[in-house]
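Only one chain is given next, in structure tokens, and it is the form predicted alone.
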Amino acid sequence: MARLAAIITLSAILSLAASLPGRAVVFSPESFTLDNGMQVVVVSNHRVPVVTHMIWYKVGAMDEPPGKSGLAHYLEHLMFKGTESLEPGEFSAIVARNGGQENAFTSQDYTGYYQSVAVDRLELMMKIEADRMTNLVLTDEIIEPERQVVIEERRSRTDNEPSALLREQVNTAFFQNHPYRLPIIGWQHEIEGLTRDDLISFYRAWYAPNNAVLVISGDVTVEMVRPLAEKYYGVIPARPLPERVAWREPPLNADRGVEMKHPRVRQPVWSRRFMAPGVIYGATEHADALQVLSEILAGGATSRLYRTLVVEEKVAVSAGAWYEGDGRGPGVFGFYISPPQNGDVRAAAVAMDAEIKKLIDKGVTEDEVERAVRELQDSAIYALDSFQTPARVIGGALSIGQTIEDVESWPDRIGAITVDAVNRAIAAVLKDQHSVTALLLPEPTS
């Protein structure tokens, strides 16, 4: 089964989730909390009799013990094995037999599982999902074959992908203290060393109703969901949760560089990352402005970097920026550029450097901010049309410690962003900050 190794970033989804300007409502969810501490969120959409049932555990790769990288992702795979009442593989067979689709994902911050089914199959999904919250059966005969599946996944998605290999090395340089420096899928030698006891201990420590959020989106109401949630999830006792480490990065005292050559690289790429605040980490007042800045710089073919470097100066075939600030830890604001075929990547990097300096010296304009805000808000209709997007946005936000109000007020917050706010964010993140620069180059073969 193909499963996502990481989920779509919250900021990217939220960029699709804006409602009409001046209306601080996105999904209009209803929420309640079971007696065992499990939060339940319902988003009603009655156009077709379909529902997405999504459960989020507030535990991810960053919560793994030292020397146990890959543990959260490995356990995600094993959640599709048997329980005390279901044979290995029977969970997925039930979903398929009932016409549903399912998947799962592990990120640094959380782990999620979902099924999309006809609404009359919702109770069945809740029954089997609640079952594997507490009754998972793990034996050596189950975990060992799946370990090879995980290692093969690492081989295909990382070891055979130069850009993924470089990203692993960049993360170890970028994060000096935070566990974000470790790969979600894990280092191979540590995957090989994970034991059955490691997996069971992690499962029993974190897979509890008081560490989970259930989001149901589709042709349902809170009156319909509440008795089912109480019947299947509400009977599971809450458990004490491990104390979380409040990771913080130390001061940045030096620029760092990572360069990698690989025979499979056809197109060289230069990139630069700056440490940034996130929606709950650091100077959070800049997070919304950084989303607008990212849209200005890289929001399509008319964005500043693409227009200048690709269309006008023709020093690149691709150029842009990105912002990741939707985790429990530090965020990233980054830039990238790739030269035309047979072009000079170092000359392209010089051109991007000049754009970054111009951004720091002169900031953005009123027109750019207004257009970026409008484009973010205009994309609302796509999010509102989806059944999975509300569950993904709300589940992701609640899993990292945000609130429903944080999600619902996002359009108004984005609409209130000014030129001064964006320029203050530029100064806070890009000016006088040490960065990590990465270069991915072809390796000539003899």
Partner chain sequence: MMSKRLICGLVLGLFWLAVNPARAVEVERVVSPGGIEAWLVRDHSVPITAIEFSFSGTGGAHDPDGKAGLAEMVSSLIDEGAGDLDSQAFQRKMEDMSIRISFSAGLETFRGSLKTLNRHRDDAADLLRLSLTAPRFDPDAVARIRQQILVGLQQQSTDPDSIARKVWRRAVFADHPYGRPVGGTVESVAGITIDDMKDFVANRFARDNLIIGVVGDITVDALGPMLDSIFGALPATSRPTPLADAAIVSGGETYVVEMDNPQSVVVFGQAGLRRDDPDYYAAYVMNYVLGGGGFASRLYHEVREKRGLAYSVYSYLNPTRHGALISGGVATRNDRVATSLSVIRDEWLRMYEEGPSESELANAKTFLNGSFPLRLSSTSSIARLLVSMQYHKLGQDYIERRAEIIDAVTLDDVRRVAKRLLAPEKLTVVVVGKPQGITPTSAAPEIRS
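Positions refer to the first chain, counted from 1. Worth saying up front: this structure is predicted, and the values here are computed from it rather than measured.
Omitted from view is the form predicted together with its partner chain, to which the following refers.
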item: Heavy atom contact within 4.5 Å of its partner chain in the predicted bound form, the stretch among 204-212, 221-229, 248-256, 145-153; value: 145-153
item: Among the candidates Y281, F105, F274, Y233, the residue which, in the predicted bound form, approaches its partner chain to within 4.5 Å (heavy atoms); value: F105
item: Among the candidates D367, D140, E285, E84, the residue which, in the predicted bound form, approaches its partner chain to within 4.5 Å (heavy atoms); value: D367
item: Contact at T172, F174 and K357 by its partner chain in the predicted bound form, all three, heavy atom at most 4.5 Å; value: no
item: Proximity of V317 to its partner chain in the predicted bound form, heavy atoms at 4.5 Å; value: yes
item: Non-hydrogen atom contact G193 with its partner chain in the predicted bound form at 4.5 angstroms; value: no
item: Any non-hydrogen atom of E375 within 4.5 angstroms of its partner chain in the predicted bound form; value: yes
item: In the predicted bound form, F32 touching its partner chain (heavy atom, 4.5 Å); value: no
item: Sequence-ordered residues of 157-180 touching its partner chain in the predicted bound form, heavy atom within 4.5 Å; value: R157, D159, N160, E161, R167, N171
